[in-house]
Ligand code: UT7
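Below you'll find only one chain, the form predicted alone, shown as structure tokens.
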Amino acid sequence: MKKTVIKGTGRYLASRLVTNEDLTKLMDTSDEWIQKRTGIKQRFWIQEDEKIGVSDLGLEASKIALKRAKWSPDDIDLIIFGTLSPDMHFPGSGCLLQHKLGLEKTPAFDIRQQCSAFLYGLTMADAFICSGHANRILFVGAEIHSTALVKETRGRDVSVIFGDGAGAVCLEGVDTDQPVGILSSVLHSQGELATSLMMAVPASNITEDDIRQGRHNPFMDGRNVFKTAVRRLPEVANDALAKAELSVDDIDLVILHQANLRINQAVQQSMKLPDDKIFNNIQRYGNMTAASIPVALDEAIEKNIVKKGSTLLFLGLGAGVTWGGVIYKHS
């Protein structure tokens, strides 16, 4: 039976370390205010004069993942690229990455699931592999948020949260009857809440008034997003566990999307998880949207928190709103 397993991971961060103290020079804020609201101490942004896009960050993360998987770029059957901050409005960054990897005809596409992109991407990859359409798939989640943030007091609620970076995962189909790889996946969306987290421009119906009102900058109804995440993530975790015929006690580590440490702590409390069963790194990187979970996974593997045989639960909710849960057994 075909199973989808992770053969290699990699991460790459933007080059400029930005601490909370650095942000106090740009806006009316403080380290205490930011940490109390988000748990974040620092994040990485690209340099202000750096002419790079998310495909460049994705390329560096991909090189690391490919080396660890012992793949060459020619081994890739398909590229799935998750981002809300593409190099350009179109075409997709997946095609740009394909070219930068030196490939000529390898299929590539972008997905726009934002903070839940890794969950949707894993599920898509599993479907491609199990159906026989591809056997080696590169998933990349990459973001450059810093260039669209309002770095002054009026934009601080959003600007203090986000960081720039990329995570890459090499996924491969293996024939085995062992319970490894992706064990279950549950995905949801609720377009009714789309305006709670959005960037309205660029759009097909752009007006001059949109620009005057700053609708080309990200907007977030933080309270609504928080309430929705705290309710939906434990629900989808239970659904994924039931689908895999597992209990929460069977999970060795939960890796949530790193949106806000307070959300993750609330989910941990709701699910009655001990501290050693949840992984957080938002304190060091901020919210990197599509890059968040693959970067956290790569770091957890590097720290030997994730070992062979570990059963993982990935959870995330973001713009759309979209959310989901995936259970994976590391082999």
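We number the residues from 1 along the sequence you see. Note that this is a predicted model, so its numbers are computed, not measured.
The same protein also has a form predicted together with ligand UT7, omitted here; what follows describes it.
Heavy atoms within 4.5 Å of ligand UT7 in the predicted complex: which stretch in 152-160, 235-243, 72-80, 171-179 meets that?
Heavy atoms within 4.5 Å of ligand UT7 in the predicted complex occur in 152-160.
Among V254, V186, V225, L183, which has any heavy atom within 4.5 Å of ligand UT7 in the predicted complex?
Here the answer is residue option V225.
Please identify the residue among R262, K41, K63, K277 with any heavy atom within 4.5 Å of ligand UT7 in the predicted complex.
None of the other options qualify; the answer is R262.
Though only this chain appears here, would Q268 touch ligand UT7 in the predicted complex if you measure heavy atom gaps against 4.5 Å?
It does not: once ligand UT7 is placed as it appears in the predicted complex, Q268 has no heavy atom within 4.5 Å of it.
Would you check, heavy atoms only and a 4.5 Å threshold, whether E48 touches ligand UT7 in the predicted complex?
Because no heavy atom of E48 falls inside 4.5 Å of ligand UT7 in the predicted complex, the answer is no.
Taking the shortest heavy atom distance, is C115 within 4.5 Å of ligand UT7 in the predicted complex?
Output for C115 is yes: heavy atoms within 4.5 Å of ligand UT7.
Using heavy atoms and a 4.5 Å limit, would one call K67 a contact residue for ligand UT7 in the predicted complex?
K67: no, not in contact with ligand UT7 in the predicted complex.
Heavy atom within 4.5 Å of ligand UT7 in the predicted complex: which residues of 310-331 meet that condition, in order?
Result: L317, G318.
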